[in-house]
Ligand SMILES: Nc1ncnc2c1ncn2[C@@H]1O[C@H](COP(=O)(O)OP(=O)(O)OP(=O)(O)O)[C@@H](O)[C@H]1O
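A single chain, nothing else alongside it, follows as structure tokens in the form predicted alone.
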């Protein structure tokens, strides 16, 4: 049965006021010929964190523009912070924050951290003293405990410090939803984790709903839900643990080490072994097998010996989000770089 076509004033029957993000059956076409988003449906409750993961051209930025009302959908329904993103866009602007990938797009480098917050906070008609109070609280959570750092021109701050000032500016209007576009790009591994930990502290302290756009899989550990995108289509969506558990045997796998033989040459034959659904290369002479029943591993090992693959060791291992991504994400790791 076809679903009822909604009028502009209608609230979608699946929508709940507990949701800060809501998209149903969204299609976007820039030239009315090429569709760049195909049937996107997602939702996120207040205070949760959503990760949008995909390579260049996957549709991450287009979803961001839909959720912030910057573009109209060709078809479908979008609501952010309980606002119709097009009809109530003026209201929406005051209820969201945005942190761009490149800090120079959101910061004045001659200003210090507090001056940047005051400048952008005045756009929301917030009193300067109130801005200073908010900013100092945010900077405290973001690890700026030294007054000298707050007074230092942004151009003299480190890359990680600039990123945190950009986050503070995005939070100065106490948004219901904070959008972050590649917040860890260009940072070394230590700083990437630090920034994500600061975001988690902000989320817990203020209950801020967040959308993190990224090609780094490490953000998954901080997300309530994730969306994997490939060429404008969702190839994965849900809570990370549930996605992993959707793999065979509830996400449990068999880790096998094979002696002195390259198993890649016999991969097709291995996949034909009854009970094996997926095989991943897990390192030198190591394979991770996702099987229908881990209790029948002895039968599978017999087939390995028949193929002259001498198994040195095996163990039952837990699947990871990286395993899920490699098997069902539809995106190669190289596409994310």
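Since this is a predicted model, take the numbers as computed values, not measurements. Residue numbers count along the first chain shown, from 1.
Form predicted in complex with the ligand: not shown, discussed below.
None of 297-305, 26-34, 274-282, 43-51 except one has non-hydrogen atoms within 4.5 angstroms of the ligand in the predicted bound form; the exception is 26-34. Using a 4.5 angstroms limit between non-hydrogen atoms, residue 115 is distant from the ligand in the predicted bound form.
Contact between residue 174 and the ligand in the predicted bound form is not found at the 4.5 Å heavy atom cutoff. Contact check for residue 60: a heavy atom falls within 4.5 Å of the ligand in the predicted bound form. Taking non-hydrogen atoms only, residue 215 approaches the ligand to within 4.5 angstroms in the predicted bound form. When you look in the predicted bound form, the only residue of 292, 70, 56, 310 with a non-hydrogen atom within 4.5 Å of the ligand is 56. In terms of contact with the ligand in the predicted bound form, the residue from 269, 38, 65, 286 that brings a heavy atom within 4.5 Å is 65.
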